[in-house]
Structure formats: C-alpha cells, structure tokens
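Quick heads-up: it's one chain on its own, the form predicted alone, in structure tokens.
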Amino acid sequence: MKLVILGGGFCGALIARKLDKRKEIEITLIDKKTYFEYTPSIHKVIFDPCYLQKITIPFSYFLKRSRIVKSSLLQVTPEFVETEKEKIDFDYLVISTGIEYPIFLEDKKNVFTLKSGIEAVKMSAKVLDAERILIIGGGLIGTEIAGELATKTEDKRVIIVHPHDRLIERNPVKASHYAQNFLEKSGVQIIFGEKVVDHKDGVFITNKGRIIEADVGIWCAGIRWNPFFMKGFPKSVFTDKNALKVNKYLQLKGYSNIFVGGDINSIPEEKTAQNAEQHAHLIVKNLERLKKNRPLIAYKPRNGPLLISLGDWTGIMTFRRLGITGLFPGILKWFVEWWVLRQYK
C-alpha cells in the first residue's frame, strides 16, 4: 500500500510515526522542512532564537522506513502528487498542509507574522531592538506574544489592537479578564473594538482613524485556507473559505482514499495541535479499517483543555466554561511541551 502524507506537522508527523514500522505500508512524507516543529512554543523563539533547537526534531530521527521528500507542492490530483522534484502516485493520501497567516496590509515593511520557528528567528532582532511594538490581534497567539514581551522586557511600549471586546474571546470570560489584567499591570496598552487597516513608514491606522506609531508590527489577525495545489477536484470539495470539506470519517468529500487532517479541513473547531493529533489518531484507525473492509469510525469533535502562556511561569488553562489561572497552568504548559517532544525522541 502506497501512502503519501502532505505536511509534517502535528497530524502528518504523528500518522507517519505510528505507521512507520508497518512493512506493508510504503510511506512518503512531503514537507518543505526536514523536521517536526512544536509550534505552540514558537513565540518563545522570538526572545531566545536558540530555543528553536529545543522544539524541533528531524523527521529522520523517528521515521526509519518512511521516505522523506523535502519539497514544495505543485499540484495534487486524485491520482498523483507533484512536487518540484517528482510525481508520486498513491493508493491513499493524507492532506495535512495547514493554513496560512496572511498579513492584510499593503506595506508589510517591519510587519511580521509568527507562522514558524524560522520566522520567529527572523523577527527576533527587530523585535528586541524596537522601542514600540504593535501586536495586531488579541487571540491566542497575540496574547501569548504580549505575555512574553510583558515579562521579558522593561523598556518597550507594547500595544495590542483587537477587534473584539475582550482578549481570547472564544475562551471563558474569566480567562479573558485574567489575561487583560495581567498584561495591563505589566504595562501593555490594549485597544478593543478596532482593526488595523493601513500602515506606512511605521505608522499604523485603525478603521476608526486612530494613528499608532510603532517600530514593529506583529500580525496575529486571521487565517486563510489556501489549497492552491488541488487540481482536478470539483468545487464541491471546497468551502466558501477554501477549507477542504470532509465527511464524518475525515475523508475528503467524494474521495474514500483521501483523508484530510489538521487545520486545513472544514471541521468547525479550534485549530489547535491537540485537535490535529486527534485527527491523526482517527485517520490511522480508519486506514487500517479500510484495508480490512471494516466499518469506519466517525470523528467526534471535542473541546479539550487549552493552555495559554503569559511568559515562562504564568498561564491560563481553559476547559469548556472553566478557567484556571496562575503558576499551575504555566508549569503545565512546559510539561505538555516536554511530553509531546519526548514521544518523537
């Protein structure tokens, strides 16, 4: 059986690791990187570029039989995958290429987005040298970056512009209030109910005409699905936002031999590493069931605990309507990072 996996993030890497020892499965993992990256901690790389080495593990370290192809995708058809290097046919395909974090500004000079550890390293020097930093978006990523800045610098003016009326608004109110109080006590200014719509020469302008001067902007406002590589598929496999539609078994709509896991699929849930891993576990089970002609297992979205860091030792843990704040969530976030990376070593 030929299995091709697109993307080596939390979903793709876990599927490859769990099936790597299966001699009857010929696995090809395609990614632009040669390593697995623990993305929930990449904001720490901004202040410690050497930290990138702690949260990355080469694919070759835990994949002994699988073939690893470092390349960009050109196209994916129902019959084959084409990269910059070659065409690869498959019996089964897993698409787990993730999402994009676009910057919706015409002038992107000194405006960064935190999409990978390499990007964090690139922005590190600019952020550390800046006196005024604007964080655009107060969701999970923006709040965690603000927490790092608030706890690890003293001479910077940090501002968050967030279009909603509270930070991390999809989480319990208690968590939002704790994050806001923590950041404001640490000197962070938070502007609610506005969006940054323009930027030129270090001046950012909101939709309400507010002018904010900043040396660096960190864009944390929105995601985009962009499966540009999908060729020869009907429009019915795409949502109106270009996410890939899946059935209850995580199969691409209309294609029983193609699974879609991680952020790029259309499941209405938080796009987290934890959920991507749940997709991976189910896809592995369903691949095995397909081989044995057994009924497939349906995916059941579930809201697990979510950990948000505010610096190294303070954090927030949310679960449904509950929120736990302080030292314990901060320590727990460290433990989860260690535990996940340990499984790949």
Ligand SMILES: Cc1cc2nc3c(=O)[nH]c(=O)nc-3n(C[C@H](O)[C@H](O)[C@H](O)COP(=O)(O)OP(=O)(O)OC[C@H]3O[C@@H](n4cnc5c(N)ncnc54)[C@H](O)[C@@H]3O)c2cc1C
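Remember, it's a predicted structure, so these values are computed and weren't measured experimentally. Residue positions are given as counts along the sequence shown, with the first one as 1.
This next part talks about the form predicted together with the named molecule, which is not shown.
Think of it this way: in the predicted bound form, the named molecule has a heavy atom of just one of V246, I212, V216, L73 within 4.5 Å, and the residue is L73.
For the residues L52, L307, L310, V284, the 4.5 Å heavy atom test against the named molecule in the predicted bound form is passed only by L307. At the 4.5 Å threshold, heavy atoms of R17 stay clear of the named molecule in the predicted bound form, well away from it. In the predicted bound form, A273 approaches the named molecule with a heavy atom inside 4.5 Å.
Taking the partner from the other structure, the named molecule in the predicted bound form has no heavy atom within 4.5 Å of any heavy atom of L63. The closest heavy atom approach of L134 to the named molecule in the predicted bound form falls outside 4.5 Å. Shown alone, this chain has one stretch from 102-110, 188-196, 136-144, 234-242 that lies within 4.5 Å of the named molecule in the predicted bound form by heavy atoms: 136-144.
The partner is not shown here, but in the predicted bound form the stretch 97-115 reaches within 4.5 angstroms of the named molecule through a heavy atom at T97, G98, Y101, L114, K115.
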